[in-house]
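Quick heads-up: the structure tokens below are two forms of one chain, split into structure 1 and structure 2.
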Structure 1
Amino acid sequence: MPARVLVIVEGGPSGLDRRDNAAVSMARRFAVETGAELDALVSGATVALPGTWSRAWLLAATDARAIAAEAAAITASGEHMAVFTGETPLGREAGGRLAVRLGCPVVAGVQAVRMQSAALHLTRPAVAGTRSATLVALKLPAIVVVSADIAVGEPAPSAMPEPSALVPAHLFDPPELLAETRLSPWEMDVAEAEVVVAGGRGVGGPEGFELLGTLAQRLGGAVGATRVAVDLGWVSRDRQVGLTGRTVSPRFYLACGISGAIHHALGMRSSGFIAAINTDARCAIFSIANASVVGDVREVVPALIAEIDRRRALAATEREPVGSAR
């Protein structure tokens, strides 16, 4: 039985993307359960992956065609049971391309993976998310595109060998970038955002919403609101979430000073992770929130912004190369 697992991730200045982190987390758990050795193929820039790794390669290119070609070469030895990727655009494209190259099974949105009776079992959502389906891979390696919504393990120190640089056999020209812009939290469509920082009456007024905008800016998200906040004229109507507003399903929904009335909850309850800040410990939003903070928005939100800034500044100084002051 092959006894290796390959994880494909993209490195970057901000470290590991949370979707790649989910892939690393699932692969590590799987390796512990099966006793498999972990290999990493990092594209872009090097990144310290948590856990103990057997081998690592670095591919400077971030083109999915090059990644799939290199991953196919690495797995040609026939030792790999599975190749894990995250649900990033690059991870998905590389996963799809690699499956074709190897003629192997590929499953996306994987929530669990286990070896049972010497066969690889993969669980993914089915019937529009109302059920889960378990599939058995009849050929190895299986390409596992890991769901971004799985619970990631505790952070662990990194024991990863220095990655050996790969020189791609083929050079693929990435598409020429003609222009790039980033929408502000007030321009971004609430239904499209990955993070929504939403406010209600408890935010206290337009200045409170300015604060939510600052937080949303830090998180690359959009500002949302309840109908009460819209009716009070604190924000424009296109920001309203709920029965008579927009239905949103971001990965992270932060409800600030929102009671959680059913008319509002109907528009956001399918969000991936709901955190709520409210002064009332018995408010309805806490019954659907994954994480609840009993506190004053006007204290918690500025403290959170300051904490994010502090962590980013710390990370930036840690990355600063020695002697860069020259």
Structure 2
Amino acid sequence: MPARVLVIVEGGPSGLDRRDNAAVSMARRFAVETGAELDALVSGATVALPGTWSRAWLLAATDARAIAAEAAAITASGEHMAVFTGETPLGREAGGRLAVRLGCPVVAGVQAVRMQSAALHLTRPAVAGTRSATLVALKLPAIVVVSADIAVGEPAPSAMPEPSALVPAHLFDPPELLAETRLSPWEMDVAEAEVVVAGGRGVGGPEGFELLGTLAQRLGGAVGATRVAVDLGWVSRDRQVGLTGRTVSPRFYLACGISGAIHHALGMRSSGFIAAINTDARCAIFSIANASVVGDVREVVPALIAEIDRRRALAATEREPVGSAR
């Protein structure tokens, strides 16, 4: 009987999250290399996964506790070598809960996985991303939380059976919302943000970063920085993006007054869309940016903030019902 691999993903109206897509891609490669059969546990809504799948289950609930309970039941036969999840909040929580249920290892930020000498070897970043560490799973299945930064393979058609609907074996009371707060750009984890507004020497000082914080707040993102800005004491070290800082891959990365030195570029080049503002038309950051603005950050950023505010005010006016008091 061939060994099996289980992938846990969350389906949505727009398909797979890019982080879940990374988990699917790594699991498919691992299955090809080992000859394992692929199983999928989809939570939320049905989604067609690329590649050839042996079995599939659909769980309408998107509660990490329910997902972990069902995944534990699926892997109870002992056939599965590994369970792959994306580096999403739901994937991380479900993976952790499943590891506790099974008494198995869980490794986050995994960039490569292979079978060697009948043992599962998992490679992840170490020493702030400057080194790689390879961990050996002493018990299977290993819970593999896949890094969102891995290269995703070429798109493939889906050969997936109709998912079997699952009813959670254990019904949980829905969580009670006690309070809701929105993180400020200075509180948000720069590695988790979908939008990062980053500054370098060209920002000019702490007051320039306050301006970037205002723009980041408008965009719902976090503030990032280069090593130079951190070393100068303009921002705290947890904001640093680059080889000796944090590796980020947001949907949108705005580089303000950043030259584009290689140690910074290595920490953000996998961003979905990169825009850059710099007074030097020949700076290195422009070579990797999708959109470039030659100009002074202290002039361009206030103009961006003003334009965002103008468009929001216009949209709010257009939404007002006809005849409403103004």
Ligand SMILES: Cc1cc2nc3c(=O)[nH]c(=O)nc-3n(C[C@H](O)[C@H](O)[C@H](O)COP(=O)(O)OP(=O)(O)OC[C@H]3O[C@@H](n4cnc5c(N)ncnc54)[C@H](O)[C@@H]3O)c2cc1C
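If you superpose the two forms and keep the largest set of C-alpha atoms that fall within 1.5 Å, you have the rigid core. The shown structure was predicted, so the numbers you read here are calculated from the model rather than taken from an experiment. Just so we're on the same page, residue numbers count up from 1 along structure 1's sequence.
In this pair, the copy labelled structure 1 belongs to the form predicted together with this ligand. Relative to the superposed rigid core, the position of the CA of Ser54 differs between structures 1 and 2 by less than 2 Å. After superposition on the rigid core, displacement of the C-alpha of Arg251 between structures 1 and 2 amounts to 2 Å or more. Residue displacement note: Val196 has its CA displaced by at least 2 Å between structures 1 and 2 (rigid core superposed). Relative displacement of the Arg237 Cα between structures 1 and 2 on rigid core alignment is 20.1 Å. The shift recorded for the CA atom of Ile285 between structures 1 and 2 is 2.4 Å, with superposition on the rigid core.
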